[in-house]
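Below you'll find only one chain, the form predicted on its own, shown as structure tokens.
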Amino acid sequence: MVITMGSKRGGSFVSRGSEFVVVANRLPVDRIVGEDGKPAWRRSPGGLVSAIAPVMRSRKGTWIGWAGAPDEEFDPFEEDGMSLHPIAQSAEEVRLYYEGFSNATLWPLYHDVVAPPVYDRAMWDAYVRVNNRFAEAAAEVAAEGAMVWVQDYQLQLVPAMLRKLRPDLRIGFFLHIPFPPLELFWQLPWRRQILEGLLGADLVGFQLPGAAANFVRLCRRLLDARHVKQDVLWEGRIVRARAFPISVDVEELNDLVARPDVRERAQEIRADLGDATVLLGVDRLDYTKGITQRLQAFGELFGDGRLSPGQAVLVQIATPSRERVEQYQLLREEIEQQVGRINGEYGEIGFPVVHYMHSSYDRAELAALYLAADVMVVTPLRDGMNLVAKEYVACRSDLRGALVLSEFAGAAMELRRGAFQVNPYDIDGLKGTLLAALEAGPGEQARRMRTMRRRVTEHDVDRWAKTFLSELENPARPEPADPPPVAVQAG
């Protein structure tokens, strides 16, 4: 499909084409160097792209996003059957809008202020400017009455900006990270603008019911907006706040773990690690992921004599993330020093107790690691969902393995009956939970894994996308309010 760019006439947009538009910070493709040495595009891994790509094709959709390179402009193009509309960003905008307001202000604030947020007016100005650019692009490419689905915390102003330009559109927004309670959100100098931005949508989706409730409560307290249960009445419209827990592409993962090369790779990993019980952590290098607490607890188990070298080993994958941000640079140094200290104190020649890799791995290698791991350790201090936990469960059709899962991950609500749940701030509790998972027998593993797999299989990422879009397509009907009390006349 050729994207027909719109133009402004008399303040309104005309000449529109796409019936379904996704607006996300990044395009669903990564720029690579092809075999011929020329630049090329490859579809990005991940469940979101897998879930939305079929909808894009069937609905003549367009995906709007940044191509990942600052100070470069690209014309709209097609890739993997999708029409893609790149948004340009300068290096300064990447620094202020993305690394700055999105990830130095909103990210820590929305994750329970695990790190102190930075409140900077220049960052806010860049956030407004870039959000407006995304909104204008969506207004240009969307067909009359089209459905527009805006993704995540980087673009919270887009719904209201887009509604002002194109009131004919059906606009949905989904927040992939937690949404904070009133007491934390109140810190934000631009709190009102963010809420009003989100209220431009017809449907605002969150990972958990508690996040949707936080949003409604804030609308009432901060904007004095009326609401009926989870429906906020705003500017003559009904804005629905609902929970849609995101999931993983179970079919893709089943196909991966069935491949002979993936199974052979899993056996190689086990052979390389010897007879030790294998614990696995797979995280972005981020201060919300609880990596330092995990390492501390694991190291202390050796110090206490409850584990010995060669008995258990932790493989920790820390995918590079936001490497130009100072807090992330300091975190990497801290973790690497911690790993070195643990291995120096408790490791033996040929038997390090922690194998630490600061690098990215493709989906096949991750699937092999999931198959090789006896215990998956997912211990974030705060997480919107955490799909690694669900990926591990989806890969274990053999009903083996154990999942240690933080109570503060969104996935904890869905997997509570099968996971070994833990408070990652409680180091002694974390140590005990790790040992319990290590000591679980095959029968207990199978019982727990079967329960978790049923949930993940029945609620995969395809169901998540279809549920959200079905809700967005249906006209808003306010939930019934409690009936008023009946007046009783005396006498």
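For every residue, the number given is its place in the sequence shown, counted from 1. Bear in mind the structure is a predicted one, so any value in this text is a computation, not a measurement.
Same protein, other form: the form predicted in complex with ligand ADQ, not shown, and the subject of what follows.
Asks: Can you pick the one in Phe77, Tyr361, Tyr119, Trp186 that has a heavy atom within 4.5 Å of ligand ADQ in the model of the complex?
Replies: Checked against the cut-off, the match is Tyr361.
Asks: Counting non-hydrogen atoms within 4.5 angstroms of ligand ADQ in the model of the complex, say which of Arg284, Arg95, Arg270, His227 makes the cut.
Replies: By the 4.5 Å heavy-atom cutoff, the listed residue in contact is Arg284.
Asks: Although the partner isn't part of this model, could you tell me whether Gln156 comes within 4.5 Å of ligand ADQ in the model of the complex, counting any heavy atom of the residue?
Replies: No, Gln156 is distant from the partner.
Asks: Even though ligand ADQ is not shown here, does Gly384 get within 4.5 Å of it in the model of the complex, heavy atoms only?
Replies: So Gly384 counts as contacting ligand ADQ.
Asks: Is there a non-hydrogen atom of Tyr110 within 4.5 angstroms of a non-hydrogen atom of ligand ADQ in the model of the complex?
Replies: The answer is no: Tyr110 has no heavy atom within 4.5 Å of ligand ADQ.
Asks: Please run the contact check for Thr319 against ligand ADQ in the model of the complex: heavy atoms, 4.5 angstroms, yes or no?
Replies: Yes, Thr319 lies within 4.5 Å of ligand ADQ in the model of the complex.
Asks: From the candidate stretches 342-350, 170-178, 186-194, 416-424, select the single one in contact with ligand ADQ in the model of the complex, where contact means a heavy atom within 4.5 Å.
Replies: The contacting stretch here is 170-178.
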